[in-house]
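Next comes just one chain, in structure tokens: the form predicted on its own.
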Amino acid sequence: MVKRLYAYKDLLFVFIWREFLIRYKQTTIGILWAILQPLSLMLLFTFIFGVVLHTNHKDYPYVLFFYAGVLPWTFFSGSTNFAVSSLSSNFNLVTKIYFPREIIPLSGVAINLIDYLIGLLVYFVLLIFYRTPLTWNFLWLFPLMAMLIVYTTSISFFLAALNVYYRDVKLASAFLLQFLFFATPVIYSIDTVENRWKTLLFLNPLVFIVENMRRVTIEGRGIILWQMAVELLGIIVLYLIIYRIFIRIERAFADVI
């Protein structure tokens, strides 16, 4: 993908800048929305599960527990929501000139990645505020972020291409994201799940990524290497398959869209 996009890097930056302006240009608080969205969800979950229901989430603050889950989920859901209709909504460009079509959904991933990195700074502040001791295992956060980006990019390409041929994918994707939200340990820990369901849940790479983001940052524990190797292999294979299909059918987008 890097080789394909290198000649079009300026166009990619233009798309990213355009989406950035569309999202924040006429807003009152601008890029602060990147902080408010995960922060508001975290506060909502903290109030419901911490104050109203009094559920137990290990031995660290509710705020850290929920924010660590909400942050990667917000990036994933925001990117895929953008990608679903990204090609069909830009039909005027797709049908007139040729450029690598993956630039359009990729620009959405990039914009949401900017929001994610801003939210990550807030997460660091919360860790310091709650005096969470950081260990060398914290560095595992960065390969986990790379896995999250690759997986999100793969699903974004898949949904964007599929929606060109089947417009009801946009409606189905809303249900899929709701399903994935509850199949991802955003508001619960995988440790509370019965063993017979854990294997099924781990088929969703987000489960491994979100759970271990908590593990390495809040708990200071390391990653189980064989699990990471399996998940990483699965994400890479998924990306290669989806991207290969995407570039094979992209030239037909202009005729179908």
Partner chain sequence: MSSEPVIEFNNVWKKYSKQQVLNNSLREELVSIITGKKCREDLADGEFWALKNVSFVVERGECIGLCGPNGSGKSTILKLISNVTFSTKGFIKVHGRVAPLIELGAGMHPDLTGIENIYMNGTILGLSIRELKNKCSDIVEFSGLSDFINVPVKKYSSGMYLRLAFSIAVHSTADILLFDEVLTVGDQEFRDRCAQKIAELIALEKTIIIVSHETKMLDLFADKIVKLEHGIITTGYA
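All values derive from a computational prediction rather than experimental measurement. Positions refer to the first chain, counted from 1.
One more form of this protein, predicted in complex with its partner chain, exists but is not displayed; see below.
- Although the partner is absent here, Met1 lies well away from its partner chain in the predicted bound form, with no heavy atom inside 4.5 Å.
- Put simply, Tyr239 is far from its partner chain in the predicted bound form: not one heavy atom of it is within 4.5 Å.
- At least one heavy atom of Ile22 is located within 4.5 Å of its partner chain in the predicted bound form.
- Its partner chain in the predicted bound form comes within 4.5 Å of no heavy atom belonging to Ile128.
- Between its partner chain and the residues Tyr166, Trp136, Phe175, Phe142, the one pair within 4.5 Å by heavy atoms in the predicted bound form involves Tyr166.
- From the list 88 to 96, 177 to 185, 111 to 119, 149 to 157, the contact stretch for its partner chain in the predicted bound form under a 4.5 Å heavy atom rule is 88 to 96.
- Residues are counted as partner-facing when one of their heavy atoms sits within 4.5 Å of its partner chain in the predicted bound form; in 230 to 257 these are Ile245, Arg248, Ile249, Arg251, Ala252, Ala254, Asp255, Val256, in sequence order.
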